[in-house]
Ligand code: AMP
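Only one chain is included here, represented as structure tokens and corresponding to the form predicted on its own.
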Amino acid sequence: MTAYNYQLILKNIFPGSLRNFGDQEIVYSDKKRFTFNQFYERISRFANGLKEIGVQPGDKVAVLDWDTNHYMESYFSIPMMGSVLHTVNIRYPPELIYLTMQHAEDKYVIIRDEFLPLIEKYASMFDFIKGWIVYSDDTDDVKTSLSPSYNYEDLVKNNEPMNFPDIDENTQATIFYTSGTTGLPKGVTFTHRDLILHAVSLASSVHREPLVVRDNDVFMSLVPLFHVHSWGLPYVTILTGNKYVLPGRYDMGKIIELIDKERITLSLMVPSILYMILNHPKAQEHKDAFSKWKVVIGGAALPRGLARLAESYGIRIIAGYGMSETCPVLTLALYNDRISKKNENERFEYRISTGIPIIFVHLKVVNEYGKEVPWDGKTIGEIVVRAPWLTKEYYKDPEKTEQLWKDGWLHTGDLAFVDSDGYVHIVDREKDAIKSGGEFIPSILIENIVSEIPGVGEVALVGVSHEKWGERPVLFVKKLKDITKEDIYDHIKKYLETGRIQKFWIPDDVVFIDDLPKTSTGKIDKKMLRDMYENMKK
């Protein structure tokens, strides 16, 4: 008799989770509540329903939805039956939704009723889809001209639970597409093994200060489920048995109420989401609920001003770092043994840094020759990484895959330095880097300085073309009250006087703007700002 070859697959999270946490809750906004046991019953019945309508192992099943229980059920049911979950970016324009679904070779689609008109309008283009699974929060009888169509809840109610198969851990589980700010979106894929190891590493890393995630923490990710697996939190919650709250379509007022009502203690998000929450009229009304809230910021640098604002509400906040190609988490701004001994003011600077690698991540900052730069707090290079869950390729794009994995390291395109304590500090995205007169200008440092000014909201420093210097920095500012360009320059010059910045880093211009444009994943779109400024000057 041979030993059982235990595979790292999503199916194998559940036996221990249901045994130990079967009565724990998964909550969908103010609409539905399920125990883990009920959740598993639903995903196993739904998977059998999918099989009955023709979904086969290896088939791509797309989802167009907000952060609902149906979406989270798809996170498990589809991969666990051996098919592939495609989390479609619903903030793409229609042509990109079509292109990514076609490129992924989707065969079936789970779609919420409010997205039906968009797809029905272009139905003839989606002739490669074999079936549409529809649902609504408001009615059991969803009408659509798409054919053939099936009702999601009927597939759950009318089928017996599936006995999920044992599959190879290297079976593809998910596919999604990058935000596409530098060309057409690129597809990235992850296996069951990738998802499990990422979740295990994340769950094992967050016991350190200042985060310290415990078994009674209540999770609500404010990273859309279509974006890099909501940074892995849905998988972690089944692994660790924490209560999980799904916010549905993002409504900041309702989210604030959920934080209070459901006693949310841990959330993940990009800076713009936290900015909108803390500047919402309901924020003061529910301020007490924030005092137990822990927030991890990723997707973009954590501005110092936003971090200070969050702390004024009693929020414990840190930065994290990752990207679509890395599943995504690579670092968290947790305290290592040296930093934990420092005073609170000193530790604040580390909390807003890029942080330190989580378990299993091998991260280096290298120069143009691939040699690791010294940990001197000033030498800038590119972040390259190895970890057991990184995407192996850009889907059907061998040329870009070769660039991504040059010399056997995944190249992030992020420019950073490492300080003497081993903490990484990103200074720019390579594609956003400002190079003036042959020298880099660290945009994140300038953005941080300006974010501290009272009355300043979101900030972005971009490089615009310059005849003499190649590029020069221009600052875009959303102001919350009356401030002038002189106020901003006076504040920046204080840092010049102390030697923390150099004179040629000072922006050539300051542009006040009502709202900074965002990418489909909520990050500030610097390419659009550059184009906007170039057009202003014509």
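Computed from a predicted model, the values in this text were never measured in an experiment. Heads up: residue numbers just count along the shown sequence, starting at 1.
Absent from the display: the form predicted in complex with the named molecule. The rest refers to it.
Mapping the unseen interface onto this chain, T171 falls outside it, with no heavy atom inside 4.5 Å of the named molecule in the model of the complex. Residue contact with the named molecule in the model of the complex: A300 places a heavy atom within 4.5 Å of it. Although the partner is absent here, S324 lies within 4.5 Å of the named molecule in the model of the complex, judged by heavy atoms. The named molecule is not shown here, and in the model of the complex it never comes within 4.5 Å of any heavy atom of S221. Interface residue among T412, S443, S267, T391, judged by heavy atoms within 4.5 Å of the named molecule in the model of the complex: T412. Though the named molecule is absent from this view, in the model of the complex it lies within 4.5 Å of a heavy atom of just one residue from P234, G82, P247, G320, which is G320. Annotation: in the model of the complex, residues R91, L96 and S230 none come within 4.5 Å of the named molecule through any heavy atom.
Looking at 324-332, 199-207, 359-367, 455-463, the stretch with residues near the named molecule in the model of the complex, meaning non-hydrogen atoms within 4.5 angstroms, turns out to be 324-332. Contacts between 258-279 and the named molecule, taken as any heavy atom within 4.5 Å in the model of the complex, involve no residue at all.
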